[in-house]
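Shown below, as structure tokens, is a lone chain in the form predicted alone; questions about how it binds or moves come after it.
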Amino acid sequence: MSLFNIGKEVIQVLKKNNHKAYFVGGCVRDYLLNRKVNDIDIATSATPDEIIEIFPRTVPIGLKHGTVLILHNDIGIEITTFRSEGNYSDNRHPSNVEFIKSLEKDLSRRDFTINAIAMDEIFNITDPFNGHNDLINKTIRTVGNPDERFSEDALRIMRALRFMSQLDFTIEYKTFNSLVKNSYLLKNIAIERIVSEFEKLILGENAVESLNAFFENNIHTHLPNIVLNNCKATKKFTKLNTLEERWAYLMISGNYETPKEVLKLLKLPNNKIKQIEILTSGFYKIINHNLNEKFIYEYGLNNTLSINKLNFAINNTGVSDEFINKMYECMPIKSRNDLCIDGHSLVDTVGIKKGIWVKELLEEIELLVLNGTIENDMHEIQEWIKTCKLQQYKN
């Protein structure tokens, strides 16, 4: 059963209990754009207590703001009571919420016209702010006064840029000017929330235009507790497939040779930081040295392919994926695990106490096997050690 069919059943249950109910927000927008709908939200005249009474399986995830998660056919659907909101004292959260019975008033508190469209269970739309027309014209426009909308919730600045990227839309002139003017309010928003929107922006089909709007208008200078360098993106940015590749591109564009510190300030998870560091360091290494078996061995096949893509995107140079794959296939060993000798065997062969020499000798053996000087054969490696190294370590 599709998400909308499940949502229809929920709306019908609410209506049978004498409440109004509609699909709202992103699911309506994406449905009208023929985009994939990943989840649905429903707005209703029913209060949270009434929702909990009607549906047997509920989770009170945001009662203060009128939101209840219900489980219907094992699918989670958020239902929110029609509401109006008080003043926003912190540029993010309303000081109070009042439950109301008017759909139009509920839609009037939303951020952009394209997100302020409601739809009933038979797909009739209620569109008091001409959001459908803005969808047709590929325009992002605030509901009402843009200064008010952005001062209420400054994260809407990032959301506008994210929608510009994801939907390949243009931000309407007055809305964009207000967005830039009010961007200083981003200092009041948690960096995690900003980065969450920024990463969705990075992956959008219109990411280049949106990123350049973000940097060229100095919006990046207003992030909380961080000074971010100006990072420029070209059309080749979109040739990069993964989030980590695109982060690495921006770090290189912003001249972050060692991006760990700034990525920590952006509060990215450690595993993501590590991967971005690998790609960034590999890029700087590849532009100063030829791509060879040693490089592939050090970085691995997948990272090498990503680093090569970065080189193409930034310097318009590199080699084909086919060339890298063939080089990889011909390598006698792909990792240290493929070596026919390990640290314990080295200690037994040399006959002295384990120390830093084991790591150094393993690295030397790896390189010799990689370049074909010796075979990856236990007997041959041991003979080479006895002939070329034993006296050195005995001394």
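Sequential numbering from 1, following the sequence displayed. Quick caveat: nothing in here was measured; it's all calculated off a predicted structure.
The discussion below concerns the form predicted in complex with ligand ATP, not included here.
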Residue-level contact is defined here as any heavy atom of the residue lying within 4.5 Å of ligand ATP in the model of the complex; does F163 satisfy this criterion? yes
Any chance N115 has a heavy atom within 4.5 Å of ligand ATP in the model of the complex? yes
Indicate whether R141 is a 4.5 Å heavy atom neighbour of ligand ATP in the model of the complex. no
4.5 angstroms heavy atom contact with ligand ATP in the model of the complex for D111: yes
In the model of the complex, which of 63 to 71, 35 to 43, 49 to 57, 355 to 363 comes within 4.5 Å of ligand ATP (heavy atoms)? 35 to 43
Exactly one of K309, R246, K200, H220 comes within 4.5 Å of ligand ATP in the model of the complex through a heavy atom, and that residue is K200
Heavy atoms within 4.5 Å of ligand ATP in the model of the complex is the criterion; list the residues of 151 to 181 that meet it. D153, R156, R159, R162, F163
